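Coming up is one lone chain in structure tokens, specifically the form predicted on its own.
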Amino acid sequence: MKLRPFPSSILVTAAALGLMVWPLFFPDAFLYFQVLGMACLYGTLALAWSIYGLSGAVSLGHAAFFGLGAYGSALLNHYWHWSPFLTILAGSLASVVFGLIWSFFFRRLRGVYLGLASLAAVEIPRVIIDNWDSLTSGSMGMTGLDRLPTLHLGDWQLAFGADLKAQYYLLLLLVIGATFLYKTIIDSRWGWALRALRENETAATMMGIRVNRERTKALLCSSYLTGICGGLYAHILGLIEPSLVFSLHVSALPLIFTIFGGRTLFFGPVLGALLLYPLEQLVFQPLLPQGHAALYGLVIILTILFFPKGIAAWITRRASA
């Protein structure tokens, strides 16, 4: 008897409802609000990476977009005193500009060469910001950034900067919106064109798909969403420094979460972030304070050996059994 595939939408809807409802029963679980909120932020980052990955490109340099979004928002807030929500949206355009430059110079690179070039590209904005002391305070970083503002709805208010529960719901809303965007892209004609490029670029070109144009569009969309994540990160912490936002860690996490969660299903990257990041922060960090990040290396090895299509595909297959 042939098994009917279990609808992924049911699993995603149930998970989203669970993430929305659980704080009502644990109103004082502040540590979990913080950890799961950051997991949602990294889940959005993984989805942003996956938009570019749909075209078959492998980026090891998304920390450049993350850092530029963070600094773009921080500088607008520091010098012009704009609201963080406005600076995040406007500052992320710096990531888009760098994405255009990236697309122009790397348009002929593929595979490992593109990965290495993208990794090296992170150093360009990092070195500039690290040495432009008069504008960015250099390696000392910038402190005193405005926290996320409070939203007033009559007598009800959401203090996104001071209330970890409100901040959690904001980041949960962000990842839900990003998941919906990613699914929309996958199901669209553009998404099919990007996957055609990933599978066989020559055949896709013969079908009339313009390789550089479609891949550039994917990169710009990916870079802007990554920049938004960087801007949010800066205002959540209230400070920023080059080594914090232009790190290899930021570039590696979305790749790890996507591989573990799986790219074949639209919720795979988010699932990877929501499972791995809390596991690392709440379990491995207390047990191994100096080596907790080794979890990610172990997960990559186990995923490649036992779950080559990702944990999301394994879960849906088990649900169909």
Partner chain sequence: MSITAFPWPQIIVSGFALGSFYALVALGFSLIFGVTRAFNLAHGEMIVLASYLAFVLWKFCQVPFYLTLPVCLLALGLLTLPLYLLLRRLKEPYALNTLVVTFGLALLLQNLMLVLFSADYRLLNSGLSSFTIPGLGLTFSWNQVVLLLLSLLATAGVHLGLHHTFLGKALRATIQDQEAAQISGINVKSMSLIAFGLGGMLIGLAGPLYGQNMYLYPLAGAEATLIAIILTIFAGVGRIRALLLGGWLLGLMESAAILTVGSKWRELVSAAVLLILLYFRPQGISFRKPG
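Keep in mind it's a predicted model, so treat the numbers as computed, not measured. Residue numbers count along the first chain shown, from 1.
Separately, the form predicted together with the partner chain exists; it is not shown, and the next lines address it.
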Heavy atom contact within 4.5 Å of the partner chain in the predicted complex, the stretch among 54 to 62, 39 to 47, 271 to 279, 24 to 32: 54 to 62
Exercise: Gly144 in contact with the partner chain in the predicted complex, heavy atom 4.5 Å: no
Contact label in the predicted complex: Leu17 to the partner chain, heavy atom within 4.5 Å: no
Contact test in the predicted complex: Ala117 vs the partner chain, heavy atoms, 4.5 Å: yes
Interface membership of Ile10, the partner chain in the predicted complex, 4.5 Å heavy atom rule: no
In the predicted complex, the one of Leu172, Ala121, Cys221, Leu164 near the partner chain [non-hydrogen atom within 4.5 angstroms]: Ala121
Partner contacts for 76 to 107, taking the partner chain in the predicted complex and a 4.5 Å heavy atom cut-off: Phe104, Phe105, Phe106, Arg107
